[in-house]
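Heads up, the chain below is alone and in the form predicted alone; it's given as structure tokens.
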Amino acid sequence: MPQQVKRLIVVFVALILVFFVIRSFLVPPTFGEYGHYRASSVKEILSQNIKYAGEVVCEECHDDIVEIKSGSYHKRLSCETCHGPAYEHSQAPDEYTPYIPSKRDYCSLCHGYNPSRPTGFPQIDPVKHNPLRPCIKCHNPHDPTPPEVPKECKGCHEEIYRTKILSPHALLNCTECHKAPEEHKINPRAFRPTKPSSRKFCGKCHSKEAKVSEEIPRVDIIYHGYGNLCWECHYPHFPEAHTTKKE
């Protein structure tokens, strides 16, 4: 037998011996009795104190809430996700009251704006969205449908909406300037709305020849601004003049 093969056999046998030595010291004695885990772990788990009751137990007493929640956006959310461990409450309802989240910072754990969350998941900026008011003042936690469904683009572009509502463009629909495909509502990052690309677009309302209300400010669309794009001097959502014309 070649010398190299003998050496490989010695190494192989040594590895087997090391494996069994390590296994005898590190592998628990009950490992493998019921599968690839410690059989004694079952007894250890059973010895722990029960903390969670489970949603089925909650439904036995709160069937009215279950009916509301079953048709809402929170229908797949476990009761104890918001109310915490409820086993003690299920055993002595009058003695132990489950936690009831009422502060804004709790709901924002899921609904605070985070770009990594799935597209379409309801998100808000906690600082700007109805500041200082508890979420439960406007939303029933078991059926959190907004009391007023956001109109047009307000649901996602709240800051722009609040700016525009105070501007001369307050009565102008977003779709007058932006053409948004229907898919934008479902996948906004992949399907973006259009934006005006030339001075002629603003000239449809603000040129001297435009056939619109006389109250709308007019300019000579050819010479006004020396050829710059309109939005280089005017913010479209609040298009006040940056400078006042001097006499």
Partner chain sequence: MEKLLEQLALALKEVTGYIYPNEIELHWGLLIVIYPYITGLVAGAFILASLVKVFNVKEVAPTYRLSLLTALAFLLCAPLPLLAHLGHPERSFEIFLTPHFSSAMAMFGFVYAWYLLVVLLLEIWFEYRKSFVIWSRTEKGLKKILYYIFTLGSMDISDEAVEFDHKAAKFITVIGIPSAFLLHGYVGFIFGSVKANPWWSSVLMPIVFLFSAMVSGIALVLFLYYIITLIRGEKIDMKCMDKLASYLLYAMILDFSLEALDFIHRVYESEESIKILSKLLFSKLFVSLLIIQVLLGTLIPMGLIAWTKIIKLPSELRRVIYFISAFLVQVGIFTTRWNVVIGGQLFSKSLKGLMTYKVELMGTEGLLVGIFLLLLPFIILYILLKLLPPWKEEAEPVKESKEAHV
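Numbering follows the first chain given and starts at 1. Bear in mind the structure is a predicted one, so any value in this text is a computation, not a measurement.
Just so it is clear, the following notes concern the form predicted together with its partner chain, a form of the same protein that is not shown.
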item	value
4.5 angstroms heavy atom contact with its partner chain in the model of the complex for Cys61	no
Residue contact check: Val27 to its partner chain in the model of the complex, 4.5 Å heavy atom	yes
Residue contact check: His36 to its partner chain in the model of the complex, 4.5 Å heavy atom	yes
Heavy atom of Phe19 within 4.5 Å of its partner chain in the model of the complex	yes
